[in-house]
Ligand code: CS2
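Only one chain is shown below, in structure tokens, and it's the form predicted alone.
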């Protein structure tokens, strides 16, 4: 029996075997560690790293990225095994384009490599720190948006500031790095959140400053003063649909390359990056790769957060209840496209009048969601709902109610999410989503209570006490619980 030979692993020594069109735009060996990024995930590698590589290729400047991972040592090992090379595949309907990206030149684990992370942030060569750590990585209180100093990782890191113990959270590591930079000369630096939160730049600035304020560092007043003058926190929006990588994706990318790639990423062809033009240090020329620098990202941010991310969450919970697995499956139903359009029409009045075309944006979303080449799991989108729903739905819901506008689609979506928080038969949440507040949400279903009371409890868990005390809202949502649980999507 003849065995098919295992292809060589993608790494620097095997790059020459690739088709020239599939090779990196830059030689990774010519790059320098000038950007530190927290969050070694698929989205960052299909988004910011692609823009950074394009900037280096166009300018000749050696903008190398050092990725820092908080949770998965395996991901760091796999990246190192490939000299931090990986492929990005654009999945257009009926067409795949695969290319190796060379912008990442080092992969670190936040625990074992904490000293290296600190030295990089302290050094003059690094002028930019970026983050994709999801909403929960900021440890913000749902009711105030301020730092939750009682959260386990934050409390431990704050205690560590009394001695020399290394922090384990991203915020702790970032604050320690900024402190080291102050003492190394205090060169300006930009810290750029690339997570889906309204006002992500100011939000990050707030939790960093509050971490320093709560620390035991004797020089914290000087550090706060330096941060105020030398550290910029530009707001951004990022957009590209990048599902979690599967074994099938690894096999697909490897077959196209002719080399084994254990850390590929596959995403839709569309990508967008809008950044507040408020940088204080040298940065990559991301605009040469298509990024947009604007004085105010808020209109773009709200449109993306409320229309794209908001409709994504609505599709996740309603789709899971109806037996769908992916976004494309939702769009293949009789109600999927209608849901996206109805959601957009309802929420659009809450967007600022800034010359952006919400109707055209929603139509583009429908076509993007329909892409059958994408396998974006609803379970992935529906996870961490307690952090996503306040950002995506509750703000526009409050604004619509304040102006007397009806919000039946948001009420339907809320019913689907409330139903999804119910404990499953085998533990966890009903549709196998995960959530940092799963315990508190499960407790909302304990004992006997009227449906409206359960809705009230769930809203209270996410800090929406004002909405929880609105009897007409909790009643309207409760009336939809049974229909949604039965898989009916009644717009």
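Since the structure is predicted, the reported quantities are computational estimates derived from the model, not experimental observations. Positions refer to the first chain, counted from 1.
Keep in mind that the form predicted together with D-mannonic acid is not shown, yet the notes after this line are about it.
Contact annotation: D-mannonic acid lies within 4.5 Å of heavy atoms from the stretch 300-308 in the model of the complex, the single such stretch among 221-229, 149-157, 300-308, 167-175. Here the marked residues 239, 376 and 381 all reach D-mannonic acid in the model of the complex, each with a heavy atom within 4.5 angstroms. This chain is drawn without D-mannonic acid; in the model of the complex, the residue among 215, 386, 196, 89 with a heavy atom within 4.5 Å of it is 196. Checking 99, 312, 140, 260 against D-mannonic acid in the model of the complex, a heavy atom within 4.5 Å turns up for just one residue: 312. Taking the partner from elsewhere, residue 392 is found to have a heavy atom lying within 4.5 Å of D-mannonic acid in the model of the complex.
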